[in-house]
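Quick setup: one chain, the form predicted on its own, written in structure tokens, and binding and motion questions come after.
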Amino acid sequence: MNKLKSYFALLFVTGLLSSCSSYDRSDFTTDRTNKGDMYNILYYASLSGSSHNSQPWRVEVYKEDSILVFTDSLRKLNVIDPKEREFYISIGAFIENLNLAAGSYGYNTEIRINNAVTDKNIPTATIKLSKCKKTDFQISDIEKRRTLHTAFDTTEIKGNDLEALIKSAPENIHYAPSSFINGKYVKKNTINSYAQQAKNKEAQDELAKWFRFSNRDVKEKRDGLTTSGLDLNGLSGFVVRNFFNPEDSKKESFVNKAIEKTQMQAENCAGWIIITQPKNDIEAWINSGRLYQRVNLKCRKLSLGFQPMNQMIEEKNYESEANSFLDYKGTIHFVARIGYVKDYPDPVSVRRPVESFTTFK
């Protein structure tokens, strides 16, 4: 009888799981057939990565040949990113996708960065477009890009693959293998800095605002951290979606589980991508964002898992020591773990529709 009860219980839970799956990007497809080039270019731009999937951009389009990119100050992460470095890195990733998509549609881009933005009504970037021959960039690469939170293979990165990741900016893009002293340092301090941040009440409050556990929240906001985006699938995803709310993420048990998962991630990768710049200003941060996006796109083509893990440079007491110990040319702006993966699932993190962040003049 007990076996029979267990069998029906399993059937019941399986049914719930299949009928209550997490909303993801595929649930919000948009017909872009007659939307025009600018709309499509901005759609692909919006598929870039951003801290907490905050999508902190606003756009104005003029006469089908000029795009102004603004920041959305309501989407800042004031606790973990008080200097706004990651805020502008996210804008840089958006601009890189925009540039690549424009080329694919047959537009050359002239990008000018405003390095002294003092008002939300001043554009961070002005982009002038002019017709040209279409590039050979495969636009599907943007659609396939994603962050992975699973364990990666610890096998060494092949020389040709590593060269492909770094060659566009060898002075700014660095690689620290996990088995080398720099890689071991990054691993240890990523784990420790994450634990420190995870126990910070202000950081907990900020993070909770960006969790989208329920399908209703995902549907209404189409941004933030969803269970699918965090690779919480199957039974664990079902439980979080249906029995947790964002405030539960502050509980000690939840925090400890997150620390355990971060340790697993840091210990299961081939190494670390580290991006540096000689300056710390808006233009430098945007350039770092463009490089980050470029590396992430390349990782996907090479079947390399990619996950930003910036806690070491978000926590002030770890940041200064990391820059001194690692001794790369310039200041560290960005850190990510990488490693080969056997299966590369489709991207699932949701995006706001183009209309929600764009004004067509």
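Since the structure is predicted, the reported quantities are computational estimates derived from the model, not experimental observations. Note that residue numbering follows the sequence shown and begins at 1.
Below, we refer to the form predicted together with a small molecule, which is not included among the displayed structures.
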Please identify the residue among Leu225, Ile275, Val240, Ala284 with any heavy atom within 4.5 Å of the small molecule in the predicted complex. Leu225
Looking at Thr147, Gln138, Asn108, Thr126 here, can you tell me which has any non-hydrogen atom within 4.5 angstroms of the small molecule in the predicted complex? Thr147
Which of 322-330, 26-34, 42-50, 62-70 lines the interface with the small molecule in the predicted complex (heavy atom within 4.5 Å): 42-50
Taking the shortest heavy atom distance, is Ser22 within 4.5 Å of the small molecule in the predicted complex? no
Looking in the predicted complex, any heavy atom of Met38 within 4.5 Å of the small molecule? no
Contact flag, Leu297 vs the small molecule in the predicted complex, heavy atom cut 4.5 Å: no
Does Ile95 reach the small molecule in the predicted complex, with heavy atoms at most 4.5 Å apart? no
Checking a candidate spot here: are Ser90, Gln307 and Asn310 all in contact with the small molecule in the predicted complex (at least one heavy atom each within 4.5 Å)? yes
